[in-house]
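Coming up is one lone chain in structure tokens, specifically the form predicted on its own.
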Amino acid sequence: MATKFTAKPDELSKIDHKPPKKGWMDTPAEFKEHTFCWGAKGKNLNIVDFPNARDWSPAEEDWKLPENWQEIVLEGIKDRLGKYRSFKLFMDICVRCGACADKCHFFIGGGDPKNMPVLRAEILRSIYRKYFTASGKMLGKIAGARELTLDVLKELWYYYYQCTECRRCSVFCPYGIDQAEITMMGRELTNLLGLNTDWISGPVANCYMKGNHLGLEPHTITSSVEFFLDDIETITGIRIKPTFNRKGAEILFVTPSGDLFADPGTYTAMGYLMLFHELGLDYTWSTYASEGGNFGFFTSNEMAKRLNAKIYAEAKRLGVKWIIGGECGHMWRVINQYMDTWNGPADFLEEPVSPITGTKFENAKSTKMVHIAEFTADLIKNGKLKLDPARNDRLKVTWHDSCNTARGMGILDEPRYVLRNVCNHFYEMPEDTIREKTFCCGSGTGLNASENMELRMRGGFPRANAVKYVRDNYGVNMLANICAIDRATLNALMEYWAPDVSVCGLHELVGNALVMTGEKERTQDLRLEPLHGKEAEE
């Protein structure tokens, strides 16, 4: 059983980036406590028919592998080399120039050279060279090749679960190598042996069985939303009446389940509800496709495809015209980069057109799904919302570009446009830490567990350092973003590295600023805290 993580920030900030004395091939992975996630439970692997289902622990010597595990991995590599041209290309074209070496947040915050993207990829390349290239077969280690031993497999697992697939390194690679794609292949290979983690396999099983990562039942979802409606009525005097599973609605709304059950995502969900009510939008929630996120993406392309399909199956069942998606990271990376190949095009839906502004969202012509930040930015641009940004005046806000929506989808300007209209005090973090170069939260791709807190705090250090800069220079006290994982994990990161800074979603700030028709005079924000200038009235 893991012990409680007790390292202090001043200890973790002493980072040693000196190269090791021994070569990387001669340095086996050291499974240090608080730097890896617990192994998957057999029951969860069984639910989704994952191979080699059993309970196992990375900390134990025996990983309970099948006898022919090497054959399984090598056959898996062969299969994927034939299936994915990018995999074959990325295995061959790296010249080890080092342009990516200092770009990974785990290497910056931890100093382990195997977390340099180039070297992390070499772990898999060394196996590839040994078994699939003539030079590797003949020259072995001289050609960067090595045998697939148990130690090599464990090294592969350890470091490919110390990558959040954020793709920051790919921005700087002169050859366009995407380390995230290499990590995805590495995880697919380990998944063939049942080497998954509990914090990924559990949500995957829940989503497969119940429609969302948390395993929320339909009545739990509707009850949770009822609590939001009570608070909204307390704040505004308005009782909102959303619908669930309503056939014939124009729009299906899908958001990550974190927005339904965990602060601060719940405040973001309140913002959605208020916005849609004020617009009189003809939309419905689903208690079956009740998850925008996709933890299957962290196991295999096939599992991600299976989980993504539920959104479109539900849209078809309900007979909606198009879909609005909430603030989520990997939901949008899957939709934007992979959905067409896996599940699309969604020809049974219509090209999205805003019923409020008439704007045609041509970027969603194939997916038929519009990001809530795009939708709201369009409303503001066309003067369809009455906003009072002074209601957010107790907040000095900075913006975290979530990796999947920023680098993976290109949503860079829309949320900033919204922010500047709902807040009077907005400050950017340093240029090299935002937009396409944004730093990761350090806890994505299923690494947001409680047992690997050192890894998370080290991986999130670069982002936290940039937040500290705007906190110290401008008094920033709120970090906003459009990702449910970020909203969940950045809280712990801020508490550790920048304890005066809170975390929120974009539409919490929209909800605060939105002046609703028929509302009473507001004295509280969505957290039931006094608005700026209203403290004496509380």
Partner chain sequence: MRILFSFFAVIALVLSAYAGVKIANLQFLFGVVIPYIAITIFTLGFVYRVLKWGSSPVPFRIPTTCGQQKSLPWIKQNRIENPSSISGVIIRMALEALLFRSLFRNLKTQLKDGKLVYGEAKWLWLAGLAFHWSFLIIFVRHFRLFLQSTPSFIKTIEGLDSFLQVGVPLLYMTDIVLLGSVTYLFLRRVFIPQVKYISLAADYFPLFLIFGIAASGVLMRYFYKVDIVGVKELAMGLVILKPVIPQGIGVIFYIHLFLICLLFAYFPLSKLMHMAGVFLSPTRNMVNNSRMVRHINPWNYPVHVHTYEEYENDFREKMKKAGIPVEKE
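What you see is a predicted model, and the numbers here were worked out from it, not measured in a lab. Residue numbers count along the first chain shown, from 1.
Omitted here: the form predicted together with the partner chain. The next part is about that form.
For the three residues 253, 467 and 520, verify that every one has a non-hydrogen atom within 4.5 Å of the partner chain in the predicted complex; reply yes or no.
No.
For the interface check, one of 387 to 395, 189 to 197, 272 to 280, 171 to 179 should have non-hydrogen atoms within 4.5 Å of the partner chain in the predicted complex; which one?
That would be stretch 171 to 179.
I'd like to check something about residue 25: if you look in the predicted complex, is any of its heavy atoms closer than or equal to 4.5 Å to a heavy atom of the partner chain?
Contact with the partner chain, yes.
Residue 371: heavy atom within 4.5 Å of the partner chain in the predicted complex?
Yes.
Whether residue 342 contacts the partner chain in the predicted complex should be assessed with a 4.5 Å heavy atom distance threshold; does it?
It does: once the partner chain is placed as it appears in the predicted complex, residue 342 has a heavy atom within 4.5 Å of it.
Is the gap between residue 410 and the partner chain in the predicted complex 4.5 Å or less for some heavy atom pair?
Yes - in the predicted complex, heavy atoms of residue 410 and the partner chain come within 4.5 Å of each other.
Of 130, 103, 154, 321, which residue is found within 4.5 angstroms of the partner chain in the predicted complex when only non-hydrogen atoms are counted?
Partner contact (heavy atom, 4.5 Å) among the options: 103.
Pull the contact list for 363 to 382: residues with a heavy atom within 4.5 Å of the partner chain in the predicted complex, in sequence order.
The stretch 363 to 382, when checked against the partner chain in the predicted complex, contributes 363, 364, 365, 366, 367, 369, 370, 371, 374, 377, 378, 381 at the 4.5 Å heavy-atom cut-off.
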